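This document opens with one chain alone, in structure tokens, the form predicted on its own.
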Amino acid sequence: MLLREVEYARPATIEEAIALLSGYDGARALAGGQTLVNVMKARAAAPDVLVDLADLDELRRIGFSADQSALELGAMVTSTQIGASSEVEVARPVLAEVVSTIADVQVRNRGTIGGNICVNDPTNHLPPLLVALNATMTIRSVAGERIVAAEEFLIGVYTTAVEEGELLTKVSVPTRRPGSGDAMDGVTLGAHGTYLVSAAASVSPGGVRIAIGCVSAAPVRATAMEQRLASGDFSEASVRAAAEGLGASLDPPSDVHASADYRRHLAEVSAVRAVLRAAQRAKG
């Protein structure tokens, strides 16, 4: 289906982009376009103005914060850039590992980290991972800048903390500390398909963070499992025991791909696998 008529703008600066987004009620930011353009073709969304971010080089940068405590990824950084980045390899290699499993090369070349999380499709790879990694999002508007934790940023299906007139500019991920490890596991529709259920885990000297995807409108923290592992015992028996009851605490949907009960089962299995792998990496 052809797109309906829409105004198009390609700002040269972030300030100009924000002015456009705040100046039109029906304005939408265009990043890689992997989702938005298809949604527009299906007439499920009809923005009045598309604000193309392609020329904003500031949003394509990968680097470190001034104190080196965080890896900073511009919102327009593509999956391909993440996969090839030496900074990512040093700071949080799990990011490169996970993006390499997203769809295919063409999608990874165009799809951006900002677009992936702003769409917040429950089946997407990055939202649960960024929750487990305790990432923060930087959002700018004409009023200034604010920083939102990943858990608060990801509100619901296709819904995030980015409001009208605002723009996600940066994703910050704490750099890996000695004795820490990260992993993601799950079941997908095909080798590079979307997830039926996913689980991301980050093990560090301070404890473990576990996030489950595809079981709700936004990633779900497995806090009870985290608390049971607070002793630091990551033996297989301990991790399996900690995961007991996780599925029963979830209320996932049923669809043509999986029943709710099957997703509950997959959540426990995936969480165990993710934590065990993250713990093994923490040792190494």
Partner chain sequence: MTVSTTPATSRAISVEINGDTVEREVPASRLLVHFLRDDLDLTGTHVGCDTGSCGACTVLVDGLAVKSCSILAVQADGASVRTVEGLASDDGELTALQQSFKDCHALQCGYCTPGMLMSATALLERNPHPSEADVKLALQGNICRCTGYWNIIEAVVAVGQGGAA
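Numbering follows the first chain given and starts at 1. Small disclaimer: the values here were computed from a predicted structure and weren't measured.
From this point on, the text means the form predicted together with its partner chain, which you will not see here.
Contact with its partner chain in the predicted bound form, judged by any heavy atom within 4.5 Å, is made by just one of 49, 241, 70, 224: 49. Contact with its partner chain in the predicted bound form, defined as a heavy atom within 4.5 Å, is made by all three of 4, 107 and 191. When contacts are judged by a 4.5 Å heavy atom cut-off, residue 262 does not count as touching its partner chain in the predicted bound form. In the predicted bound form, residue 20 approaches its partner chain with a heavy atom inside 4.5 Å. With a 4.5 Å cutoff on heavy atoms, residue 65 does not count as touching its partner chain in the predicted bound form; it lies far away. By the criterion of a heavy atom within 4.5 Å, residue 31 is counted among the residues contacting its partner chain in the predicted bound form. The partner is not drawn, yet in the predicted bound form one stretch among 242 to 250, 227 to 235, 49 to 57, 213 to 221 has residues with heavy atoms inside 4.5 Å of its partner chain: 49 to 57.
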